[in-house]
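Only one chain comes next, encoded as structure tokens, the form predicted on its own.
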């Protein structure tokens, strides 16, 4: 294992966050704060509790997950897309760096940035609402697992996209709607039976449900199923990344 190569890629990607601090950290935190003000304070004050939890506290896991998913994909996809766009990816591919080391550097940096943002969002939420975390270790585990999984997903998108427009296509038109419809702002138990069954097809439901369980000890989906679905998605992303390097898809053209 070439640790120096992983460190070089990791440090370079983390340094990019420092150069784009407003875009990487400040902007997502401000957006999340607006969600808390609008949904938590304005709308939440007129809603009853959900599962014994105030509405403002109920949406905290969903908002953190929303920020985590979008930023994990954005960081990882841009991280690998830019070297492809400029042509410097060939220098990496010709260097004594194996595919697992390349992925570890880019995905590790993207996941780290997303986890930092998630923790900042968690601290920001405390300024607006009072909430509890019943299972803090499970909360950190779900945070880490989700960040790594969707950073891998973003890595795949960054390799697939051949222009900046495609780079934003899946996050904006697929991931964000699925997150909003995945129980970020409501419990799927509030839906009619038919629409609840339809919602269970949405993979993001299991992520948000498991993450919410770590906060309040209750979830829309069994915690074992949530964890299993997350691990399944992680395995699928790993399989796709392995296939990409095996075939050279969009890398050796």
Partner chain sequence: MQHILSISHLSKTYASGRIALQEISLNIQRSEIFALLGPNGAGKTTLISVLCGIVTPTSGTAEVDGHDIIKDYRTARSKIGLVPQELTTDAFETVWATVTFSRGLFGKSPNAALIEKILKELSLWDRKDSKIMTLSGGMKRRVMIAKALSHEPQILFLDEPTAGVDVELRRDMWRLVSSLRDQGVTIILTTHYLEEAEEMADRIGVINKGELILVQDKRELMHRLGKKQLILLLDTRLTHMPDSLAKHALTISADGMELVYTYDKERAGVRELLDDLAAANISFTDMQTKQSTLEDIFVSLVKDTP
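Given the structure is predicted, the values throughout are model-derived calculations rather than measurements. Positions refer to the first chain, counted from 1.
Although it is not shown, the form predicted in complex with the partner chain is what the next lines describe.
Exactly one of the stretches 170-178, 136-144, 97-105, 114-122 approaches the partner chain in the model of the complex with heavy atoms within 4.5 Å, and it is 97-105. With the partner removed from view, the residue among 109, 92, 161, 148 that has a non-hydrogen atom within 4.5 Å of the partner chain in the model of the complex turns out to be 92. For the chain shown alone, residue 232 is not a contact residue for the partner chain in the model of the complex, no non-hydrogen atom being within 4.5 angstroms.
Contact check for residue 9: a heavy atom falls within 4.5 Å of the partner chain in the model of the complex.
Mapping the unseen interface onto this chain, residue 128 falls outside it, with no heavy atom inside 4.5 Å of the partner chain in the model of the complex. Residues of 63-92 placing a heavy atom within 4.5 Å of the partner chain in the model of the complex, in sequence order: 82, 86, 87, 88, 90, 91, 92.
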